[in-house]
Ligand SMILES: Cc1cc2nc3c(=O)[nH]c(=O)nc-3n(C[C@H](O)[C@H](O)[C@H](O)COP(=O)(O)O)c2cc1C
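Take a look at this one chain, the form predicted alone, written out in structure tokens.
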């Protein structure tokens, strides 16, 4: 059976994820594995139509496809994202229809679920038989039990492809809207009060809703809004996954393009940041993904702490809860405040005018207050994963993170709270005695609320 492997790592043959494929290839050599480093060769695939068509021809001949990739910012890397865009742009979804698909990723299990949700949506859009995903921790392959688990997944996948077992799609096709935005002239009376307002967008298609939304939002201000297209930013290429930035936040591209200077001088120095873009195959554009990936020279340190962050989106965002989760997580992990998200999924132009105007007013008001909403599971849980990994086995790789985390008190491990540990030891011992246990359970609800009631009573 022909199995096409679409390697989504910029590192090509040095990909961690690809080693899992190589292991499968050794254990089950009876299949014909055809591996294509599409992320590493994305420039060639963009420029050379014959090279792109050659990959598509191999997919057409295959019975099964393995989407192999590392996690980059809650998704696949920008190069892989661009490859997916090329499939749709070239009208080649037909070669994927009916093929069996497996998503294989490696990561530290940080938002691996959003990456797999995205890829399953893509497979459903392509008409593939999506078998499922395998989310491996980077070094699971060196553990006997995990190797066995990986092989069981792959063997079930290959058997399903050979037998043609039925699969059910999870995500319905996106329903594009037909609303055409016709903005009115806003009053332009919102004073940014000396704060720097930066609006970033991926591209400007004349007459498109996004273009009109960008201009209408900026026109609400009396001045001081800097509008920058990401296509005008000097970015030589996508993140290479080399981790050289881990030591001292110096990127492999240092001195070769202007991305770091742009991020440091424009993004970090802004007080209010608006990110605007169009939906592209269940995410934003690959240009936006490029922006997020290249910001990894900051590694896992939040660089937008205390800033106001807002989104202006054109497209069916309401049909993409997975993308909504990614946008929410981005703000929380940056320790910024997400002011809101405005889309063109509205009833009419006056409503969109009002929403954009309120987004502008609220961003200034919350900036004045210095307000940052508390994190939920996305932000709190995500940072604990980083905390534990940087404290532990990844410290020697991400030394810059370790210094930042140590300096800013990120290492808030509960085992360092000796007072709580002492109380826990005492109470766990005492509750083993029936008389005390009875009194403890009777008083539990009252004691849980007592310190909070004291705060209320003192006001």
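Keep in mind that what you see is a predicted model, and the values were worked out from it rather than measured. Numbering follows the first chain given and starts at 1.
Just so you know, the form predicted together with the ligand exists too; it's not on screen, but the next bit is about it.
The chain is drawn here without the ligand; in the predicted bound form, the stretch among 343-351, 176-184, 148-156, 235-243 whose residues come within 4.5 Å of it by any heavy atom is 235-243. Taking the partner from elsewhere, residue 11 is found to have a heavy atom lying within 4.5 Å of the ligand in the predicted bound form.
For the chain shown alone, residue 134 is not a contact residue for the ligand in the predicted bound form, no non-hydrogen atom being within 4.5 angstroms. Residue contact with the ligand in the predicted bound form: residue 195 places no heavy atom within 4.5 Å of it.
Contact check for residue 160: no non-hydrogen atom falls within 4.5 Å of the ligand in the predicted bound form. Residue 71 is the only one of 71, 119, 320, 216 with a heavy atom lying within 4.5 Å of the ligand in the predicted bound form. Between the options 373, 108, 228, 267, the residue in contact with the ligand in the predicted bound form by a heavy atom within 4.5 angstroms is 108. Of all the residues from 284-320, those having a non-hydrogen atom no more than 4.5 Å from the ligand in the predicted bound form are 293, 296.
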